[in-house]
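Consider the single chain below, provided in structure tokens and representing the form predicted on its own.
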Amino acid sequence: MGAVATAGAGAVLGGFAGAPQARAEMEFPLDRGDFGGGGSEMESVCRSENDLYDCEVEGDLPPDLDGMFFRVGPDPQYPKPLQYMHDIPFDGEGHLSLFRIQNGHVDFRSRYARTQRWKAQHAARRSLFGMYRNPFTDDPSVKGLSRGTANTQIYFHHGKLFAMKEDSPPVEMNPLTLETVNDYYTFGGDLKGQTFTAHPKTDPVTGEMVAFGYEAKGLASNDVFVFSVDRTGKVNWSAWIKVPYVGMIHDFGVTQKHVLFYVCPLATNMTLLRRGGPHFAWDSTLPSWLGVMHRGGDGTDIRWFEGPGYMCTHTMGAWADGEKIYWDMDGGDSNQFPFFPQLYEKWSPVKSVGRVMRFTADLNNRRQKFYGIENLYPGVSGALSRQDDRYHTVPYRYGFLLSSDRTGGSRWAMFDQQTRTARFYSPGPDTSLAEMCFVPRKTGAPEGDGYLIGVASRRKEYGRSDLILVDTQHLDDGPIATVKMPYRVHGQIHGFWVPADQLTT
């Protein structure tokens, strides 16, 4: 989310819902802090599904680069009723796009995920779902439908493309056309929980996809369903665990033998939900908890280590040396999302600044109660950390971050964990960058040898978009190729690269 609305920062619990008021169904509010604020004119919504064959390319695309770059983000389908106009930006419907790169040519396509929610609103020509992850605010006509927006991440496994939002099962999409195949995918009925993470992990050794879902037995439940899926899509292991309190578990970590959970004080708040507010509120009286369990077990061995009330959202990498756990994440000292209410104090922009932290825990040390914390790169801030996806679950060397420079501009950071150094690609003051994705130079290329791919927005050109490709060996040289779009493409949260040889299997 390139520009996160800051309206409502520092809010405390209070009344959210009011008497329903009439408004034009397709009139988005003017205030940028409101849901879809400013509409198309202010680039807060896109709503246009597009196809562009043979995009204009400046520079030289590698001739052997063959695959698809997928993106997804929230894009409001309809404005909210006035009593819910302060809904948060994460509640937009999932809008996907793909850039098909082959033989030096690029084709573009974008489509909404036809979720149960999207289809109901499309038929009614209005918003039917109220505040973010709050079923108490929904129109009675949608009772029983999935509230999932499929707007957070795209993932490819066992030949299927999934669009995901962590409050619901994934939505299966056709990877070639972006048409919706299944709006409620449950792995043949073996997804026993009601939710599914936006950040599954693929084990490079076994090919298994490891995943989980929190609040898995319903609203505000402290149940987590953990499972793995083999290369064919069959669930081959599952377990249920309980968490210390019900809070956001946006991402998780996986090693060859363990599954790791981080519970932070952005806690599910039933008082707030019943008053018509969003799902979470920041409770600074709560600690954070790092949970470690073994893969393949029944979950009863999970051990929880306590820590300060930090907020960490994305995994850069995780691995283990025997029973010693190492987990690298980006996060801040407090709430990083100003649009969620705070229970006891105002939101702090200083404490929200993200950095790369390493968490450690030793299962062999029965006396250890607190997890270890290390700031890996003092002076480097940012969010949306990534790695070479071929190195999930094992020791890794290179990580990536959507970073910010001292002027507030965006840049892509590439970290060398072996030398503890960082290199950067900075596009200049008039361009903002979305999250990047790593693309190996070729099949079997060494770790970190390849390209960073992502979307750049040109501020002086009214937000017009380019897809850029930067060589990881020469970040300072800037893009080796730029796919010049004739318009602004919709915003994204995450992206995912799928090589062509996987699309044909």
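Quick caveat, the model's predicted, so the values are computed rather than measured. Counting begins at 1, following the sequence as shown.
Just so it is clear, the following notes concern the form predicted together with a small molecule, a form of the same protein that is not shown.
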Consider Y398 of the chain shown here, and say whether it contacts the small molecule in the predicted bound form, taking contact as heavy atoms within 4.5 Å.
no
Is it the case that M248, even though its partner is missing from this view, gets within 4.5 Å of the small molecule in the predicted bound form, heavy atoms only?
yes
With the partner left out here, check for me: in the predicted bound form, does some heavy atom of T152 sit within 4.5 Å of the small molecule?
yes
Mark I493 yes when one of its heavy atoms lies within 4.5 Å of a heavy atom of the small molecule in the predicted bound form, and no otherwise.
yes
Counting only heavy atoms and a 4.5 Å cutoff, which of 158-166, 349-357, 108-116, 417-425 contacts the small molecule in the predicted bound form?
158-166
Partner-contacting position among Y310, Y326, F90, Y371 - heavy atom within 4.5 Å of the small molecule in the predicted bound form
F90
Checking H314, H86, H392, R71 against the small molecule in the predicted bound form, the residue with a non-hydrogen atom inside 4.5 angstroms turns out to be H314
